[in-house]
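This text opens with one protein chain seen in two forms, each one given by itself as structure tokens under the names structure 1 and structure 2.
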Structure 1
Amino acid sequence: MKKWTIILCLLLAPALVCAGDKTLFVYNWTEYMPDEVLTAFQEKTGIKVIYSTYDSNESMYAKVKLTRGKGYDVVFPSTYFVHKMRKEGLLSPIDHAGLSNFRHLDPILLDKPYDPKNTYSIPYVWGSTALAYNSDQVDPKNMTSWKDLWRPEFKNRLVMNDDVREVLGIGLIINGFSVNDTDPDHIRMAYESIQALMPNIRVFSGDSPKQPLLNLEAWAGMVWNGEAYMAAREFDAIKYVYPEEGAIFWVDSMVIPKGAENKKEALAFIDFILEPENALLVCEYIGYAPANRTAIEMMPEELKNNPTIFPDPTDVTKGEFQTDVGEAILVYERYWERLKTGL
């Protein structure tokens, strides 16, 4: 029987060792936070960060929903998922008094309908989906509108995000509808437009839409601004433009799930990210605009004036923010399946 005891002890040992340390489980988008920031947090507070990533709101939501958020302490949903998760009681209120750096936040991004008074969410960064192109191959005059993607010279040369809402969203925009439209007839018209675009599409990229541009496989396409910023740092022919019909915008926020086990540590982490120095580090690395006004003021001029990160206010007003489409997602998915099966 002695043997069994030894085996059992060996199995349990790692659990006991960990119990003494403070840990924090952070669940974030891929390529959305530099390692330096995480190490700096660990050094400053002694809290060990366990970091894992996701590539869509939907997969993050499914995990948080199933576990009631137990096992994750800080998560980064987009606006319409904050709304959805808040309504379903999955989020824990955030104590603003515990956030010494709350004052640095940009008031324009606060107290929005998806979370009045920011009771449950603190904005992290915001960004857009618009056009990117390789200026060695494409004349900038031919890349000003979403409609330019349909040009015959782009046959088999476009990269698109592998995302049903965004791709059909372009179809909705060029037909004059909202990207959040739920009318099945409008979605069908969007599908027909995108179907006509299929011969131009070289690749749907699910992980990193900048890669086909950097690989020279694609000459243009729809890309997130952070991806375009990172691509341009590697290869300066990559340009980013806001189409005249307007881009698609989003805000990603930090939330604490209801079931989180390390709420105090989570609050400390959010406060740390709100420190202007850290918000600046994040922006330099991922190329999305911080929700942090002080950080923007501290920025070097070239970063502050980079239109890829900070669009002109008129471009923002022309654009649209994505919201939850509810049951209409089934209609979107049905047309998406048809698009990809060619039926």
Structure 2
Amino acid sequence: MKKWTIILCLLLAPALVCAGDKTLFVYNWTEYMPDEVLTAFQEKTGIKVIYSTYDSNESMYAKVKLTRGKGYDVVFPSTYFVHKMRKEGLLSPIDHAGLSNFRHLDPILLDKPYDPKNTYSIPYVWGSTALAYNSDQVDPKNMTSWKDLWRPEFKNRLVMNDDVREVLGIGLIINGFSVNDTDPDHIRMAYESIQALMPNIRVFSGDSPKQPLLNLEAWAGMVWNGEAYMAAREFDAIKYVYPEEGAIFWVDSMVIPKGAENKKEALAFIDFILEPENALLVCEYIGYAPANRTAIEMMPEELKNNPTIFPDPTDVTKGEFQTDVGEAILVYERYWERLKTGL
């Protein structure tokens, strides 16, 4: 293929597929897959990967819904968005017979209510949302509870995930409710609690919540465990702690949109990611626990015993996995807009 044709394809992706080439359009979270895995897949299969990223489930969903999934072949939604997209007919069934590496997945993460029998989704990684802080600036004794975020010394010093369910989820937790609560009065109470926290919040970040911590703009905050893992590799003063009330847990999965035009290539890609060696590379790079049981068995002890990646079972028990909240998401979004706009 001539050089100008390749450039044109890249500029127009994912709207166009370069004629004569096997191409795969992958739409994933920011900082969620090492380049070496993508390169290895392309070299092994000859399938060209056009890779783009998003910073929230909401932005991913909006784009997939707008195009009915056309233009993307593999996407990585969280559990409650798998449920939502499945109900709305946005996903294509996945042929398990084409996944030779399905056997490596951890049965604990399979056949869940959000997708019975994993008809439409294959688990990729699972992780937590909890507290991170700079131990050069923050006394560990002052960072054990979600309520510590309201401390006056954190004025304009917090980073928070740019995620409606997680931010309001903290408000629900500190008021004694489930992160999956659907009661409008409870969601209002959560909103009021977070509204009182706003003077402490310096920035909401979806692309890279670790960056304000590394830049010393923020001293603490609510982040995903993988972000804390990557931050600690650069700056060992960054610590991650599971709050005493319980962390928020989630699973991100691989799905094939209904409108995907390269479903055969998408299936090959998912199966490649399920190879234990590749699942291990992903974990080492992004710091989230693989859904792949065989990959965990292959891990060096240092990685396997890292509590940022693999929380103690008691911390998992205290926490809660996110589920779909149905129509209540409209209530969440209304209060989220009020938080962001100050109206």
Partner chain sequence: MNERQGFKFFAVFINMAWFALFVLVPGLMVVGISFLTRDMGSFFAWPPTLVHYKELVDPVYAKVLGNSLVYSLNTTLLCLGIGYPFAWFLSRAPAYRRPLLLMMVIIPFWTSSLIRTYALVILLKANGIINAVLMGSGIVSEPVSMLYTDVAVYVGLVYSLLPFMILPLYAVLEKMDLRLVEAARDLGANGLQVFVHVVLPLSLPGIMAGCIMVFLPAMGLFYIPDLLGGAKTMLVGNFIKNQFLTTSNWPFGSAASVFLLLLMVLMLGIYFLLSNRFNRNQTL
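Owing to the predicted nature of the structure, the values given are computational and were not obtained by experimental measurement. Residue indices: 1-based, along structure 1. So that the term is clear: the rigid core is the largest set of C-alpha atoms that superpose within 1.5 Å between two forms.
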Fill in the blank from the handout: Only one structure is the form predicted on its own, namely structure 2
Practice task
Would you kindly give the rotation angle of the smaller rigid part between the two structures, in degrees?
Solution key: 11
Handout entry: Cα displacement of E333 between the two structures, core-superposed (Å)
Key = 3.9
